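Encoded as structure tokens, the following chain is the form predicted alone, with no partner shown.
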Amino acid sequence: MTTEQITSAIREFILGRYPELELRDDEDIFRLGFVNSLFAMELVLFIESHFQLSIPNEELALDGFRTVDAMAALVERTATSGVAAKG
């Protein structure tokens, strides 16, 4: 899966919840003010389910979820580590 495919899937998930939002991939979604703890958990669950991986505890820091780009990097890092793959 390419980085663009990953960012596109994450962006679509966010915009599916907030269709009125105009979101750049490098924008801090926490600073935009619409993210609460429930949505943050939904993001984690979406990423794990959609990309068939398990995010290690040490990767659950807020910075990994601030932007679409950061989440895509997290997916790539986790997927290539091979340690956290579901299955």
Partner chain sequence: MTDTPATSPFTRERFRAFADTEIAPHAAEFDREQRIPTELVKRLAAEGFLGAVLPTEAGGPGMDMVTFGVLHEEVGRACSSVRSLLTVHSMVAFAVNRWGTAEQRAAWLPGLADGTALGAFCLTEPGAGSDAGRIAATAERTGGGFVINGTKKWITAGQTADVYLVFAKAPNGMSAFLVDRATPGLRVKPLHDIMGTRGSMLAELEFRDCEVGSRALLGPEGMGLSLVGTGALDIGRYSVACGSVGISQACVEACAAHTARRVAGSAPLREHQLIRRMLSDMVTGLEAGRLLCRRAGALKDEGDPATVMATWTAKYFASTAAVSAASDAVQIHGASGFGAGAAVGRYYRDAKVMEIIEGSSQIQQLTIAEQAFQAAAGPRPSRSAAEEKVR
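Residue numbers count along the first chain shown, from 1. Computed from a prediction, not measured in an experiment: that's the story for all the values here.
If you look for the form predicted in complex with the partner chain, you will not find it shown, but the lines that follow are about it.
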{"item": "The partner chain contact at Q5 in the predicted bound form, heavy atom, 4.5 Å", "value": "yes"}
{"item": "4.5 Å heavy atom contact, E27 to the partner chain in the predicted bound form", "value": "no"}
{"item": "Contact test in the predicted bound form: A70 vs the partner chain, heavy atoms, 4.5 Å", "value": "no"}
{"item": "Residue contact check: L32 to the partner chain in the predicted bound form, 4.5 Å heavy atom", "value": "no"}
{"item": "Stretch 1 to 29: residues contacting the partner chain in the predicted bound form, 4.5 Å heavy atom cut-off", "value": "M1, Q5, S8, A9, E12, F13, G16, R17, Y18, P19, E20"}
